[in-house]
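What follows is a single chain, given as structure tokens, in the form predicted on its own.
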């Protein structure tokens, strides 16, 4: 194999390694009649000597961002192991710097309510009102949730309310997968410390995050699901619509009323 062919071989291998799977030119051409380019640079990148594959067999490179997410998740899990009370956990969350959402949020919105609650309600993330006041589920969504809780024979003081994320995403955008992964250990530790009899997941995003699935809320609601803690405690789960969704879709209120009747029957 002469030097020119060797250069071409390495160049093509380098393109494949870089993820290039298609080339284009100024003129259309047929792949069957395509000729080898004659103006290839002799300075084309050469593949470095082949390194030993990772133990998993994957050759995928871990980006700095991905590594930072992995480290932040490990740090969050480690911190949660040391939290013996909700107050300790709240302090740890407020001092945690592993999630970029904290940089754009006004406040850390930790959970609130009865620390010995039989029912724990979980939403996705704080909104503008929550970020301003520092309490979960206030404003229009919070007022509607209070009415729903009251209609089920309970008071806000009887339950514990929190979110998957303690910081508001800018512009109320959907949280990224990495943001959810970083914050999830704090939520799971809240559940373990409160040890409720029932979990109510408000909205598909909260349900997907905690149950680790991709099912739409329309398929999850209407039946009892289960969540298992790290200590293998199995907690019944009711997934239902988020109050903010009901404000935009008034016709769905009857369904959440039905869900909370089932909840009332469950805890009586």
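Computed from a predicted model, the values in this text were never measured in an experiment. Positions refer to the first chain, counted from 1.
Below: the form predicted together with uracil, not depicted.
Engineer: Among 182, 148, 80, 125, which has at least one heavy atom within 4.5 Å of uracil in the predicted complex?
Structural biologist: Residue within 4.5 Å of the partner: 125.
Engineer: In the predicted complex, does residue 111 come within 4.5 Å of uracil, counting heavy atoms only?
Structural biologist: No - in the predicted complex, heavy atoms of residue 111 and uracil never come within 4.5 Å of each other.
Engineer: I'd like to check something about residue 163: if you look in the predicted complex, is any of its heavy atoms closer than or equal to 4.5 Å to a heavy atom of uracil?
Structural biologist: Yes, residue 163 is a contact residue.
Engineer: Is residue 175 close enough to touch uracil in the predicted complex, meaning at least one heavy atom pair within 4.5 Å?
Structural biologist: No, residue 175 is distant from the partner.
Engineer: Based on heavy atom distances of at most 4.5 Å to uracil in the predicted complex, which listed stretch, 117-125, 95-103, 183-191, 69-77, is the contact stretch?
Structural biologist: Among the listed stretches, the partner-contacting one is 117-125.
Engineer: Which residues within 125-161 place at least one heavy atom within 4.5 Å of uracil in the predicted complex?
Structural biologist: Contacts from 125-161: 125, 126, 127, 130, 136, 137, 141.
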